[in-house]
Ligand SMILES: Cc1cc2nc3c(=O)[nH]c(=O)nc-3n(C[C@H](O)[C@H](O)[C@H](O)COP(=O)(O)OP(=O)(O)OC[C@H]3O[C@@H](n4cnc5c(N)ncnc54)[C@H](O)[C@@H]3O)c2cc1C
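What follows is one chain in structure tokens, specifically the form predicted alone.
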């Protein structure tokens, strides 16, 4: 699908990738007066992980280097985003429980919680009984949890397409169905994007294509320490309103919650992910859904007879140290990278779009501290 005519091949900025970070960045730039932008997407807008996740808007259990993005988004963007985008993003701020069933789980959660509280986040450890007061349907096997009352969840599809529509209305050009093969420099600066639709030219280039960013960056000599991990989700039939909190576990063996419409969206891994087909595939295998279901039932026996109506899968772009790279690349002037979000980029995407827009326009993000996410953190130390 080509959203607009592909005759436009030159712009002030070429964005590679059409996910929520790309759309949010394009929208923020257009708000600031820069709309001479071309967004290139291989499939459809939001086709990847941006619309294939459980919608967590989570601050708790994050690395402190990306916590400023999460906290800024929750405090300043998510509460009014539906009004700003003229679409119901279904944002619900009813908290996040991260559950533990063993003393080892509690030790893990306690360590994560301390790092978060030291960074200024309102999160604390609670007992199993206190967790069941928040979510009465929980199994007695849960002996403790971390609790962040300002966490929540939203609708990934509505959010991604909301940013896309607003950017499109502001004059940003979106071209889908175009595969990017690489970037070329001109006089040492990133300038050209080679595609199966010919060459696109930009004064600046933003690379935010998930896992595929690695191969594209390599064409200008930039090595991104990113691998991909396979994750799967499932959606249940609609149920009565049971618990609006977002859920996770100490071992991250499943995550999810109940949507505005009553369905539960739950995701996770089964251990077979390294052995799946290398092809892009958006269905689950025969092992994962039953494995996830058995694990979820141990935490929430009340869901044992709920029917699964749909499943999907996709790739996480996982950075070596589990936080993204968001930076202007000094080795290749004109190139900005936002990749390696490790499966938890949706919740911070509104703030990421703001920060990246400032990187492109001003050379730095002056609103949010993203100093811990620079590319040069991987350089060998003298």
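Positions refer to the first chain, counted from 1. If you're wondering where the values come from, they're calculated on a predicted model, not measured in any experiment.
Only in words, not in the display: the form predicted in complex with the ligand, which the text now covers.
Trainee: Can you tell me whether residue 178 touches the ligand? I mean in the predicted bound form, with a 4.5 angstroms heavy atom cut-off.
Mentor: Yes - in the predicted bound form, heavy atoms of residue 178 and the ligand come within 4.5 Å of each other.
Trainee: Is residue 347 close to the ligand in the predicted bound form, meaning a heavy atom pair under 4.5 Å apart or at it?
Mentor: Contact with the ligand, yes.
Trainee: Is there a non-hydrogen atom of residue 357 within 4.5 angstroms of a non-hydrogen atom of the ligand in the predicted bound form?
Mentor: Taking the distances in the predicted bound form, the answer for residue 357 is no, it never comes within 4.5 Å of the ligand.
Trainee: May I ask you to check whether residue 212 falls inside a 4.5 Å heavy atom distance of the ligand in the predicted bound form?
Mentor: The answer is yes: residue 212 has a heavy atom within 4.5 Å of the ligand.
Trainee: Using heavy atoms only and a 4.5 Å cut-off, determine which of 123, 109, 73, 233 is in contact with the ligand in the predicted bound form.
Mentor: Here the answer is residue option 233.
Trainee: Here the chain is shown alone; which of 29, 69, 337, 40 has a heavy atom within 4.5 Å of the ligand in the predicted bound form?
Mentor: In short, 40.
Trainee: Select, from the options 295-303, 138-146, 201-209, 123-131, the stretch whose residues sit within 4.5 angstroms of the ligand in the predicted bound form by heavy atom distance.
Mentor: Answer to the contact question: 201-209.
Trainee: Any residue of 247-263 with a heavy atom within 4.5 Å of the ligand in the predicted bound form counts; write them all down in order.
Mentor: Contacting residue: only 255.
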